[in-house]
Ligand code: NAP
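Given as structure tokens, the chain that follows is alone and in the form predicted alone.
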């Protein structure tokens, strides 16, 4: 996609809502969307008004009644078409994402292709939703347990992965027979609107997929409180997730994928080169703006300095650039001024409390970085749990490192957090692997790799990292109600 084509695509989505199968100009106030690499305004979104929200919920309820009655194979075929359309336009959709989110085009393209993968995965799962026959304790009875789509889903999604985190909710909803209203983050709305356009092209019926834009505190909250919404699927901060729980005026199903403060443990038996490669990737990919990013690393003391030197070298070797003009850069711009400011605050706190700067620590220099939200990947050592970098989720390209002496000490420090989303281990000793995998209180534990989530396995957190699951068959079941049908047929009485 050329610059002119990108501008045309953004202009076509500017100020639009997607309601009942078509785009319409929003009537609400316009909010600017900026390119985080340059600070330039690339378009505007319409803040959905109360009547538009009501109209969307009504359209979704109509769409649900029809879509839930479709044959599973019909829904599966629609999802396959959607996946094919998205993959065919991966380059164009990636450039839209980069323009509003900042990640390099090559990385954005990979995310778009993962969205297509989710479409195809849940297309297959749609045809494998089975019930059960439950034995009764009396003759002449039969109990059937069937699964029925919940209804209308409000998906409130964040800015860090504006395609993939929409896709997990969208694809599971469509496979189950639900209708969905997507409320994307206000700083990355155009990716979600582009996805809605593909849904229309795929022939998904009117009302089944909708997109409302605006601020989460207004539009998102209105969906949380709306009596016509049956389920909330939210990905975002733990504070906002708790607010959603506390302010929902009706009993609703919820899937809340919340924050993380993810540790990595590197034992003395580890392959140090592999551990460094994994740490650099998972600490700094997407500028650390990912809930499963490595925030803190605990390294066995005998290999501590060797690991630090290698990680610092790896961090310094990563390239930072404008994601549109330098599509192969390792890091692009951070998505906005807010996560950049938090990264700077956490770094300043660590250094003030005695941490040692190993790599990074500042924005890259040069004319191409002026006006953008850039920061070099940063490593600090000799960290303690008195430092914010070790106790709060930074959500930026900053990682803290500390030594440990025993596995018990490493586990205790790794679990010393209210969060429980993902953790990472590098070790080659099988006893160490077993002790750590059992001892880490996290929903996802990756050993000798840093891919804590894959599409066909359940993904979810513990403690303040959320409730419910995405990915896998378990992610699909989050969009069903169970119904027990107890039949008296009289045979065998």
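Given the structure is predicted, the values throughout are model-derived calculations rather than measurements. Residue numbers count along the first chain shown, from 1.
Separately, the form predicted together with this ligand exists; it is not shown, and the next lines address it.
Within 4.5 Å of some heavy atom of this ligand in the predicted complex lies at least one heavy atom of residue 156. Using a 4.5 angstroms limit between non-hydrogen atoms, residue 184 touches this ligand in the predicted complex. In the predicted complex, residue 415 stays away from this ligand, with no heavy atom inside 4.5 Å. When this ligand is considered in the predicted complex, residue 127 lies well away from it, no heavy atom lying within 4.5 Å. Remark: all three candidate residues (220, 235 and 259) come within 4.5 Å of this ligand in the predicted complex, counting heavy atoms only. Picking from 103-111, 375-383, 392-400, 268-276 the stretch near this ligand in the predicted complex, with a 4.5 Å limit on heavy atoms, gives 392-400. Taking a 4.5 Å heavy atom cutoff to this ligand in the predicted complex, the contact residue among 410, 165, 149, 116 is 165. Note on contacts: among 243, 81, 252, 281, the single residue with a heavy atom within 4.5 Å of this ligand in the predicted complex is 243.
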